[in-house]
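Just the one chain here, the form predicted alone, laid out as structure tokens.
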């Protein structure tokens, strides 16, 4: 028995990516995985962190946050608490690591691109949507830098996408919604470059351990989802 009522186990939720969603950033998209919606903005600044100064190399970093009513109950703003919570820090670092896997920092020069990912509505898969949309914003920012003659070559070396996959009631499922994620036996996030190279796998047994066969089934589903996401990214970016 599956908790999934409409989609098949190997079917993504509807994915939409709207570019130039915010006017001011050097790259901006609104990405939706079903009812999960994330605004991803890219900001270009001159200079790099101290550990890269005078290296000739650039840097990419990310910040992730969830609006107070992105969920069915209100969360207090992190600025009101005075610090970022552990979950937001962990996801920010994941997004940054994932996107840096697609960048040639020598071509970026001593410039920093910051990707802000703000969840305006959450229904599972916020971090995977943020990575997928964050890449689009990053790519757009690099195109802007070329147009403004800040750099001469596009430093992007591949396309990074991410998707969730899990085991729910014994069945592998792709792109988990909140209701599915909340009862999942296994919850995994897969980050892939160019539909082939694994950047990161985050996975754990929430309730029961899983065997190699189930892991392979999840990876097969995940890579199928990555192909769909990469196609959507290419379409919106015109590449």
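This is a predicted model, so every value here is computed, not measured. Residue numbers count along the first chain shown, from 1.
Keep in mind that the form predicted in complex with a further copy of the same chain is not shown, yet the notes after this line are about it.
Query - in the predicted complex, segment of 165 to 173, 148 to 156, 129 to 137, 96 to 104 with a heavy atom within 4.5 Å of a further copy of the same chain - result: Answer to the contact question: 96 to 104.
Query raised in the report: Within a 4.5 Å heavy atom cut-off, is residue 227 in contact with a further copy of the same chain in the predicted complex?
Result: No, residue 227 sits far enough from a further copy of the same chain in the predicted complex that none of its heavy atoms falls within 4.5 Å.
Query - is_contact(residue 110, a further copy of the same chain) in the predicted complex, heavy atom dist at most 4.5 Å - result: No, residue 110 sits far enough from a further copy of the same chain in the predicted complex that none of its heavy atoms falls within 4.5 Å.
Requested in this report: State yes or no: in the predicted complex, is some non-hydrogen atom of residue 10 no more than 4.5 angstroms from a non-hydrogen atom of a further copy of the same chain?
Outcome: No, no contact at 4.5 Å.
Query raised in the report: Does residue 209 reach a further copy of the same chain in the predicted complex if we count a contact as any heavy atom within 4.5 Å?
Result: The answer is yes: residue 209 has a heavy atom within 4.5 Å of a further copy of the same chain.
**Report entry** Residues in 10 to 41 with any heavy atom within 4.5 Å of a further copy of the same chain in the predicted complex
**Finding:** Read in sequence order, the residues that approach a further copy of the same chain (within 4.5 Å, in the predicted complex) are 21, 22, 23, 24, 25, 26, 35, 39, 41.
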